[in-house]
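This document opens with one chain alone, in structure tokens, the form predicted on its own.
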């Protein structure tokens, strides 16, 4: 049992070391390592040790993005009041906390995703795991929101809500990367306004009320 635990700890340590040293390399050199071989050589590790955890540097960047998400969720779940929030309040809390987590890594993120490096239509493929994690998280919020009628259930449209909120993630990240306001106060405003708009649009509107009334009149004939 002790040997198994020791092996598991060693694996975790190696993986964490690779991630940390990759971030350090980016920060110190302003770019990714030239190759996996040179990267592992500088760490006095075998190249095969890298491939035991990641197939490429994209894999490391993917893991870093998912770590940002997991840390954010961990912080939220440790706040007792979080579970009492409405869907709108939960998403606001998520974005505010997520941005705080990103601030701890701004230099790294600016190096790889600075304003002159961001693709116009999307973000790099290493966000795939983060995208999946976020959509699973936000779908729980949407489900509860529909049950409490905070969010309107609309045929063919409701199933697209999670993707619309993912686009909001991209909007907020792009905004923050370019934000030079003191304390990133403009980003906070962008979060508040965009989340409120999203929930206003997903909520029951005057149009929904009119349609419900029209259905009632038709069925009452």
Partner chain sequence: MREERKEQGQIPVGKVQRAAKFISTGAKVGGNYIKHYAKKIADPKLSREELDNDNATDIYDSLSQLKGSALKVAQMMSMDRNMLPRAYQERFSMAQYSAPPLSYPLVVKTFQKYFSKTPEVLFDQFTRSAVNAASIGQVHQAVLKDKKLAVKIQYPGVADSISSDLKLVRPFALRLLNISEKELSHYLAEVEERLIEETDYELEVKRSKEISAECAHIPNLAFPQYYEELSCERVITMDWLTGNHIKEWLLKKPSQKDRNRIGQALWDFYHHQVHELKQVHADPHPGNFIILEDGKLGIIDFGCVKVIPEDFYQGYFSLIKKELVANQEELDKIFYSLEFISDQDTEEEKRFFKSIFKEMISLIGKPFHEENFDFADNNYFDQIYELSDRVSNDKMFKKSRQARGSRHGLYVNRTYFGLYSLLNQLGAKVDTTKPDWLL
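Positions refer to the first chain, counted from 1. Just so we're clear, the structure is a prediction, and the values are computed from it rather than from any experiment.
Another form, the form predicted together with its partner chain, is not on view; read the next lines as being about it.
**Student:** Sort through 112, 141, 102, 93 and report the residue having a heavy atom within 4.5 Å of its partner chain in the predicted complex.
**Tutor:** The residue in contact is 93.
**Student:** Its partner chain isn't shown here, but in the predicted complex which of 44, 193, 160, 31 has a heavy atom within 4.5 Å of it?
**Tutor:** Partner contact (heavy atom, 4.5 Å) among the options: 193.
**Student:** So in the predicted complex, does any heavy atom of residue 204 sit within 4.5 Å of its partner chain?
**Tutor:** Heavy-atom contact with its partner chain at 4.5 Å: present for residue 204.
**Student:** State yes or no: in the predicted complex, is some non-hydrogen atom of residue 88 no more than 4.5 angstroms from a non-hydrogen atom of its partner chain?
**Tutor:** Yes, residue 88 lies within 4.5 Å of its partner chain in the predicted complex.
**Student:** Please determine whether residue 183 contacts its partner chain in the predicted complex, using a 4.5 Å cut-off between heavy atoms.
**Tutor:** Answer yes; at least one heavy atom of residue 183 falls within 4.5 Å of its partner chain in the predicted complex.
**Student:** Looking at the partner-bound form in the predicted complex, is residue 13 within 4.5 Å of its partner chain by any heavy atom?
**Tutor:** Contact with its partner chain, no.
**Student:** In the predicted complex, which of 148-156, 57-65, 31-39, 44-52 comes within 4.5 Å of its partner chain (heavy atoms)?
**Tutor:** Of the options, only 148-156 has residues within 4.5 Å of the partner.
**Student:** Could you list which residues of 16-33 come within 4.5 Å of its partner chain in the predicted complex, counting heavy atoms only?
**Tutor:** Read in sequence order, no residue approaches its partner chain (within 4.5 Å, in the predicted complex).
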